[in-house]
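Same protein, same chain, two forms; see structure 1 and structure 2 below, as structure tokens.
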Structure 1
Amino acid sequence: MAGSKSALVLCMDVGFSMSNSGPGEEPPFELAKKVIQKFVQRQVFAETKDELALVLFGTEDTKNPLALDRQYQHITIHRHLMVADFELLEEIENQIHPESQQADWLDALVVCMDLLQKETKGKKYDRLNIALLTDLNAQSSSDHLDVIIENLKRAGITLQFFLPFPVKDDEEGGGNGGRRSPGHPGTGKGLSMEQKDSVDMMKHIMLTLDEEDGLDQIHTFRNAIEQLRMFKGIERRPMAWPCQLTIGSSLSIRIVGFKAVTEEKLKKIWATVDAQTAQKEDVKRETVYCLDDDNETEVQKDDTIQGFLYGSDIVPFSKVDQDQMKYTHDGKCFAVLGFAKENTVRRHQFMGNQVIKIFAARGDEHAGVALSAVIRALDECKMVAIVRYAYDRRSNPQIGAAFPCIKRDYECLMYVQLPFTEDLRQFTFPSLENNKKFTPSETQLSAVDSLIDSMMLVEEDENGEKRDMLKVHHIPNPAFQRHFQCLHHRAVCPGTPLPPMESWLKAALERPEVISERCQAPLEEMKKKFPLTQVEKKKKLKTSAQIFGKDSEVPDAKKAKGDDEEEEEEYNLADIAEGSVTSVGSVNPDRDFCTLIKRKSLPFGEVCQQLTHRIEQLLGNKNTHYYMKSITCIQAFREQSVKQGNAELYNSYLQSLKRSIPNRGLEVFWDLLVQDAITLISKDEVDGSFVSKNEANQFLVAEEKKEETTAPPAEDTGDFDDLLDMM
């Protein structure tokens, strides 16, 4: 029901007996503390509206409204009813410790009942509950036991007990209540007389409140920890989506849709706060828009508009343009476009992040009959409806398939989104059937079959019924669990390292042990039937530096991509040694070029123009040493162009350089450039490039020399002059 919430009182025993434990056993106090910690964690991260109170008994002090005339002593109301928060988690972690007194657990129960009745008066709760965590090892009086039970019934308060030992439902009463299974260690020895008497009274209370299932509400600490170890997801109320299912122009059925499956995402609630005060208000963020010029001239936000990057150009798009571009339709829609055979809608074509269940509108009998007829007709004919779906006027329409779903308790349509043409990825692979090299033998096929059989996640139980060994519906999202675990630790233990992932969560994601054991032999057989051989890598082609040697004066141009940090350090040292770089010099032109680009002291086009001038000067000497220096500059030109996302200047220069090679007699230089595989920048590397990957690969392929039929033309450098003017 909308707005429903519960009121719960956690009543924990902190008396001295809770600290007693046998050798190698964890004290009941620590187990009880883990139970309430994990329960409160779940409430905090699930963002529920349920209210919690915490009552401690066995404390040194006494703080409760019933403590008159030395009654209800050593019972403290630590926290009154309110929504769980991180403050409560911190208090549980740091303020709750074992104490040296004992208190009657029945008195503590009465204090909890009084707290619930007073603090819920005049408010609406759908459930009132008390959870009592104790070892029952204190003397209790049963004089008013019937009165307590009557008041619990009258107030509608449910009760739960959490104990360090299991309680059996047998005819021998509390005498056998101390039996412990091996998985539930208790205090290390048999129950005391006080515990036996308390077990009898507890059973009497629980069976009187609920004769059939009363004892089911008695749990052990360890079972509770196991059940509560998983963080509970944020509770979502089902949001109805009313619409009209239309078939043609004359048939309309009132429907309502609910999300059955949807991807759960963590709420993005990160905020930038001051590191010292941890307050959001102490940090102010200001956004300033500036022109990309030398002075970084500030521009008002009203003077800016959005721009769409189309190749190397930017197409300005105003807010009005964006509004006019949006697709407009009549609003929410669930219209049947036609029908198709169920087997034609392939599983791999399902897309989107949700599955919607479509029901007939509540209370509309005619809609129920009509939709039921559609669902059953689709089911009998093994068909699906192809529909046009739009959530509302603001959303883009989708195309999807509505599958019939008939269950014992209900029937509905299941809507799944289907792809448009642009969403499909078409891949062509060579056939494995017609290639003898990849045809497996019968023994190989048998080995694979055995492996699959051994790893089946379905097994038969004692009754011969099949059951799933890996229940995927019960596996939590490990990212969520780890996120909440770390948040809780950081909140209650600031400044300490984050804990490792909990072992149970790792185990939940692993292959079941029985499967691991069962598949060992088939895996060994697979290794024998499919032997692997090591393939030696082909020798890499030598670079020009390896062929001609590396001159000490020539900068190393063969740096691997990703050595940005080393380059950055090298440039900083060069700046210190050589002073401030203001232009591309002739000694280390590649280094000067990278330094100017990094500092952004000059426009990118102007720095590129200076570099190409230096390259032309170096190529004019026609010497291997200068050729190597030119290649270093070209490689730096390429790397910086990729980083800047500007491929036009580099590609234009390299294309012009290639055209001038025959006329300038630079064939030796071009061969060195080809050996280093320095080619054009393709659109795979920079979005603005107009060169495809195939064109970039073909760029360095040598062209067939044409027979010379005319006199050699004079050296033409017009292309370079035009390019430099363009820069």
Structure 2
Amino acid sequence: MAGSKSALVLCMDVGFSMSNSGPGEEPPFELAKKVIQKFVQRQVFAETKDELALVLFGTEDTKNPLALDRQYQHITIHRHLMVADFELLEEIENQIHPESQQADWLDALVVCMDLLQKETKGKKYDRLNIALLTDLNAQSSSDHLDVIIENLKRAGITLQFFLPFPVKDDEEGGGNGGRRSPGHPGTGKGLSMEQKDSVDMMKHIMLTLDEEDGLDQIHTFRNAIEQLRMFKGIERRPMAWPCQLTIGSSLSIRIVGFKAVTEEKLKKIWATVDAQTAQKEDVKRETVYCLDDDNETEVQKDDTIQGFLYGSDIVPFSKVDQDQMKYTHDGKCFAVLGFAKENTVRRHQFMGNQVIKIFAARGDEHAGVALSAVIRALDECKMVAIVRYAYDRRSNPQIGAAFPCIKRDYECLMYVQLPFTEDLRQFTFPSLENNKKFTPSETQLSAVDSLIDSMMLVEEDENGEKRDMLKVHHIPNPAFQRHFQCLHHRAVCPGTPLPPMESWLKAALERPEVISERCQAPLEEMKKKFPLTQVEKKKKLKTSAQIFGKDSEVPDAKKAKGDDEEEEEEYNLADIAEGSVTSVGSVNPDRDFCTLIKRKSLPFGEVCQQLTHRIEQLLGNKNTHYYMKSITCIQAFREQSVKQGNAELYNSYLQSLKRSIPNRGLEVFWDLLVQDAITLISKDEVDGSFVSKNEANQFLVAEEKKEETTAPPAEDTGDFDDLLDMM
């Protein structure tokens, strides 16, 4: 009912011979303990339903139901059949030590069998297994060997042996000791008589149980540790999705879909706990809603409705309305829209995060044939089916492609989601080919060529068979491995910092060694051929302080604040034009003028000339708007002149301007100037000025009274013409 699970007895020898080891070698006991630890860890983190029992033999004590009349001595059932947990891991870590007795491994096996039979009664398991970890160094009597084998067979119990030394199947019953096999240090001392006998018995058992592959279930500790170092992948039972593939309204085929590839996530998420008590219940997260007013008035969740932005407006759109108006469809569906050439469906446009394999409904042969016809026809035409896919009524429909897939032992369609228009972002990128700067030379290309040669991961071996050095899809997700490693460490060794990454995992994420050696020379060549220089990070857009930094040094306390604001605005504008201000333009001459002065890239005089030129142009238009613009220019001129402490240019320009008013019919403009009280720059403001404060003020007033029309002095206009000529 509750799915398949298996029952396993780990039967470990802790007898004294297990602690024997050659110099510098790890004793078999430690290795066996590691095997058990790793195995249990995997079980714990994979959260399997499998049940485990642990039987130790060679213990001082005896604790097993068969121990009567001095039989089955020194065998302890440490843990009965149950799901593995951290308690077991901790016990293994802290309570299992080498002990001083020896026990018959066959006796231990019988205890395990007895345990399995008793404790699995009435429950369903699809596998019963006993794993024996021993050096086979204790004397054992082969009296009941046949009975034991018979019982194993009858109960359907499988056996695995884990030994400190390798056993070859072509070997004759022990005999000559001193076999040396590098990498298996346990064999160093040769086998004792007892071991040789035991090996023979073990082989006999294994071969009787399974004539062909019996010996495959005899492992060494070393190999086992290698294989167990990875945490077990997360197991998920594939969920069947029965549906109908339809082509048009009359043709349908019963199908069933299974997720075949999908980005697997860790099943558990981190819970937030209180730091002191480590209790989840002590922490509560709460979301409150409040109005955006000064009091942040709280609003009950029930008093909120949802809305959506429509441009600058918010449109209230309650959940109920939304559900009523939303797109609805008929539910589960796998309907062909049409067929398209396989190459029109681009690999990089695959969407979603899964591939679904579609088979004919189980047990329906007719559907099987029909689907097979579709698969084969698609395959032969190099076409794919474009389908509408909907998982069920509640989920959004998708568009996708069904690719034919023909494998040696089965056929199926593979469904992958494709993009909607809305999903696509049509970005264009500058061409790389047509740009001479980026076009690599022949020598550069050949350097890349040899790099590729040296780094090919797929090679033909001597038999002409392709060998892939790095199959990514065989690597377990390193994130999970690391996660479990750290969790395990924290659980078993609390209070210590997290361990470094395991070396095998690190290595799995690097280049294979062969490759990194082979590519050294081509890489050096590449380095020579392709100069790469880190570009100094372009400075972030300058802040106003940076642009106008020098300005702030002007010792004028009054202007500081007001000017800052203004400068902010100027800065915005400068931004838009993005450094294009190289001369005083006609659009914003005043701003250009200020920017140029501040930048100090041109001499003050020249910038002033440019400005006056613009003012003259503006005044030529005889229109109030242009007058206003001219006045802002003059104001800017005046301000900057004061800042620069240079009144001469401004004063002389204004005086000449005043003289030309009547001639040019600019009286209206002059009135505006008077209204804005734009005076000459006086001595009080700038030291170098020849104009007194009074004179400056009189400048405007006097003109109003004086009706006389003074012709502009020749030298002034001359100056002006010169100015124009210079531009």
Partner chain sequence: MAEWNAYYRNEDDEEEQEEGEQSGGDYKITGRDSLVFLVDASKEMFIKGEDGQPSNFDMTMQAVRSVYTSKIISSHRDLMALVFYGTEQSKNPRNSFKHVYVYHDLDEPGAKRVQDVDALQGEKGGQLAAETMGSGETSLGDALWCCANLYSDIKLRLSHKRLMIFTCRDEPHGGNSTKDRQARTKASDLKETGVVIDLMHLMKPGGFDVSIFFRDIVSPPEDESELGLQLEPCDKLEDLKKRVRAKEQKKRAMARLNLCLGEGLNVAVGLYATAVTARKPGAIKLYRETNEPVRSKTRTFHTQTGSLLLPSDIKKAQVYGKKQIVMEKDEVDAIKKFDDPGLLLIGFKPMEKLKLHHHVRPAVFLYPEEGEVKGSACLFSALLTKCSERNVFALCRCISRRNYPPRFVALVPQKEEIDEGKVQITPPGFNVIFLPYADDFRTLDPPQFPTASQTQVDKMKEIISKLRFRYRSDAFENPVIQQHYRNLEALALDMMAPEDVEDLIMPKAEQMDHRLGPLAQEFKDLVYPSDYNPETKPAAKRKTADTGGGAEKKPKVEVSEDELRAHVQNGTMGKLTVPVLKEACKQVGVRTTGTKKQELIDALIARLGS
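These numbers come from a predicted model, not from an experiment. Only the largest set of C-alpha atoms that superpose within 1.5 Å between the two forms is called the rigid core. The first residue in the sequence of structure 1 is number 1, and each one after it adds one.
Please state whether structure 1 or structure 2 is the form predicted together with the partner chain.
Between the two, the form predicted together with the partner chain is shown as structure 2, not structure 1.
Using a superposition on the rigid core, decide whether the Cα position of residue 675 changes by 2 angstroms or more between the two structures.
Residue 675: C-alpha displaced by 2 Å or more between the two structures.
Given a core-based superposition, decide whether the C-alpha of residue 627 shifts by 2 Å or more between the two structures.
Residue 627: C-alpha displaced by 2 Å or more between the two structures.
My question is whether residue 448 is one of the residues whose C-alpha shifts by 2 Å or more between the two structures, given a fit on the rigid core.
No, residue 448 moves less than 2 Å.
So with the rigid core superposed, the C-alpha of residue 295 shifts by how many Å between the two structures?
Residue 295 is displaced by 6.2 Å at its C-alpha.
After superposing on the rigid core, how many Å does the CA of residue 370 move between the two structures?
Residue 370 is displaced by 2.5 Å at its C-alpha.
Can you read me the CA shift for residue 590 between the two structures, rigid core superposed, in Å?
The shift comes out to 29.8 Å.
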